[in-house]
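Shown below, as structure tokens, is a lone chain in the form predicted alone; questions about how it binds or moves come after it.
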Amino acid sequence: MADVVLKNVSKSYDKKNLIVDNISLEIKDKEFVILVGPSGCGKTTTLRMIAGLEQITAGKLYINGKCVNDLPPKDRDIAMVFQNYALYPHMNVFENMAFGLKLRKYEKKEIERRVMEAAEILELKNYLYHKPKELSGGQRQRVAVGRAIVRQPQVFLFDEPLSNLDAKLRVQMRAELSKLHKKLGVTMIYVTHDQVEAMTMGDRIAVMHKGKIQQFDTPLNIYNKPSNKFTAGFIGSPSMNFVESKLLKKDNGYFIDFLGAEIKLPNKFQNEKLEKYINQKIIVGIRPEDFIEPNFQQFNNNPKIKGIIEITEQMGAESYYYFRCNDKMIVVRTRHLSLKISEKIEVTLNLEKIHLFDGITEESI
């Protein structure tokens, strides 16, 4: 298979506004990499540049060590699975999967071997002579994947392939694509706006925003050590709570003003990196699941946050409570509290889990 390297790649349609802004990525051979971000962040454009469907305005793209900027899509040895499946309605499943091989004039026996092999992997053998209109959404998606598999390309590209499926089928297809990656042992690059897909499927995730790579790391590192406020807020559901604060220094350490409570930072924050932020505005972040309910006695000495519940979301195994504290809406995610709208809530901060961000650049401190 192959590695894929983007060096200072940019894309502009009008020579003024950059859709993709000077991004660099090194995707390893056999790696499953997810490009994730909100609509309009440049992730699909990046994928289409790798495929050769969009010209690169600036920078270099290498596949398996070879610069492919000027190579047409058919010569890049890649296969792309589109959001809308792009199946030919007048052809059956076998013909759809075989079509690309016929264009490349493969022998009939080789075409049949490859199609049957892919159909076996994707559990499509019983549907080879069905037309697309006779298939479910998940089956059509598998046919689109099968059409890519038979090509045996160096790199697979996926452009939001599960966005048209219902919630249950999406979960099933996520698992199937992950299994397929392990079975084929190929390089896969996958675009989505769904952070759950990104967290559950990718070896590494590239978080994009406004045409730039915000962070490129493993799912757990992105979740636990976000490099900036955008990444921290985008990854995780419900989103991380952010509170503007001020950093104070006293004889016994560093403190923050958190919703009216003066809180001493734990030992992991007691270092010289904080010196330049003394008496400056910073942003404190804490995930909804990193609050602690009052029944956990060992945390009773930690600072408490109180408020009145305004919104509840009962999710079955857990609940989300949105409450107002000092005119700031805070969300808590819990399995242990059972509360209603207008009830009082009191929770404790898990200080080891808070995040600090620069008040101006929004970069992690």
Partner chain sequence: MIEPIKNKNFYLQRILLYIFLTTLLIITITPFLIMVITSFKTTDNIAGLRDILPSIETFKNFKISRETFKNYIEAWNDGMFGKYFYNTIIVTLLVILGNLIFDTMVAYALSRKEFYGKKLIFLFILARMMIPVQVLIIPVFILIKQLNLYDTLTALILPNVVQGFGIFLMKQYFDGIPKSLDEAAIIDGASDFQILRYILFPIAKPAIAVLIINTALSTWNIFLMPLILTQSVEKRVLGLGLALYKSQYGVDYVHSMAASTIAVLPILILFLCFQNYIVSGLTKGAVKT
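Positions refer to the first chain, counted from 1. In this text, all values refer to a predicted model and were calculated from it rather than measured experimentally.
This protein has a second form, the form predicted together with its partner chain, left out of what is shown; the following refers to that one.
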Original post:
With the partner removed from view, which of 147-155, 260-268, 111-119, 210-218 is the stretch that lies within 4.5 Å of its partner chain in the predicted bound form, judged by heavy atom distances?
Top reply: 147-155
Subject >> residue 100, heavy atom within 4.5 angstroms of its partner chain in the predicted bound form >> reply: yes
Original post:
Would residue 175 count as a contact of its partner chain in the predicted bound form, using a 4.5 angstroms cut-off between non-hydrogen atoms?
Top reply: no
Subject >> Interface membership of residue 191, its partner chain in the predicted bound form, 4.5 Å heavy atom rule >> reply: no
Original post:
Does the 4.5 Å heavy atom contact test between residue 90 and its partner chain in the predicted bound form come out positive?
Top reply: yes
Original post:
Tell me, which of 247, 292, 80, 240 has a heavy atom within 4.5 angstroms of its partner chain in the predicted bound form?
Top reply: 80
**OP:** Note which of 140, 204, 229, 287 lies within 4.5 Å of its partner chain in the predicted bound form, where distance is taken over heavy atoms; exactly one does.
**Re:** 140
